[in-house]
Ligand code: ATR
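Just the one chain here, laid out as structure tokens, in the form predicted on its own.
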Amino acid sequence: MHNAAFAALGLNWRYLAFEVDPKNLRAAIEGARAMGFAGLNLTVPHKLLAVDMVDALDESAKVWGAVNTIRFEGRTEKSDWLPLREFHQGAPVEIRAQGFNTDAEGLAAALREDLSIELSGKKVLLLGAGGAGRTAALKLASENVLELFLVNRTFSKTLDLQVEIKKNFPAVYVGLDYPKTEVDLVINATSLGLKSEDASPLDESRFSLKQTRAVYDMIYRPAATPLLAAAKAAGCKTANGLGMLLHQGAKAFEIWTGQTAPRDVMRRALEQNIYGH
């Protein structure tokens, strides 16, 4: 989607994918800095690790406690920090890595666009409390959901998350189990569903899909996970993670380039690459 966007705006930029072992993450960030990269995206398991590896954190990264986007910035002789794209002549005195998080806004935008859901006052069941789940939980709480139910394989993670939400968003009720009553939305923030042999992230003996009106799965490949197929069969409104991928990517594009992301172009590129149409 980024290369399609660069082409559409006539930018002589290139987006490349690199597989980096977590133990080499700091070296990879330093290497990109040395080579004059405009910025980076980070995916699991790097988002939490990178918080301690960048030189500065944007408010978004501070609030959500994870970094999925880095922008390299140069210091001028007047001590202003500017994106590297603004150094047309002469090298910066110093280069720093600034960390951002675009996942949270990407999720909220996707829920509005794909499921027509405004989160304020809603009841939500969130599956998963890892990197993506934690960011999602904090974003949902910040959007003033009425009730948030957290379910995760490791109970201690949900407990820690409950404490964090209660501290920052005391008005939000946080449950640590499946709800007995109906909810407005179920979100899957686990990796279960990426492989065809995966078990469902939802324990349907504890919670029926008849208890919700909508299901959002952050997974976008395959397009229809077993959870989404079951939800559709149960009459729920459904959406996969393509919209979140698009919106978090578009925000990163704007952070790097300073230009408005051509979202339609980026969506078409994603759909063609992932679904072949």
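Just count from 1 along the sequence shown to find any residue number. If you're wondering where the values come from, they're calculated on a predicted model, not measured in any experiment.
Just so it is clear, the following notes concern the form predicted together with the ligand, a form of the same protein that is not shown.
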{"item": "is_contact(S205, the ligand) in the predicted complex, heavy atom dist at most 4.5 Å", "value": "no"}
{"item": "Exercise: R75 in contact with the ligand in the predicted complex, heavy atom 4.5 Å", "value": "no"}
{"item": "Contact flag, S120 vs the ligand in the predicted complex, heavy atom cut 4.5 Å", "value": "no"}
{"item": "Touches the ligand in the predicted complex: N144 (any heavy atom, 4.5 Å)", "value": "no"}
{"item": "Proximity to the ligand in the predicted complex, single hit among R112, R153, K166, R96 (heavy atom within 4.5 Å)", "value": "R153"}
{"item": "The ligand: the contacting residue among L185, L138, L84, L192 in the predicted complex [heavy atom, 4.5 Å]", "value": "L192"}
{"item": "Options 84 to 92, 175 to 183, 125 to 133, 67 to 75; stretch whose heavy atom lies within 4.5 Å of the ligand in the predicted complex", "value": "125 to 133"}
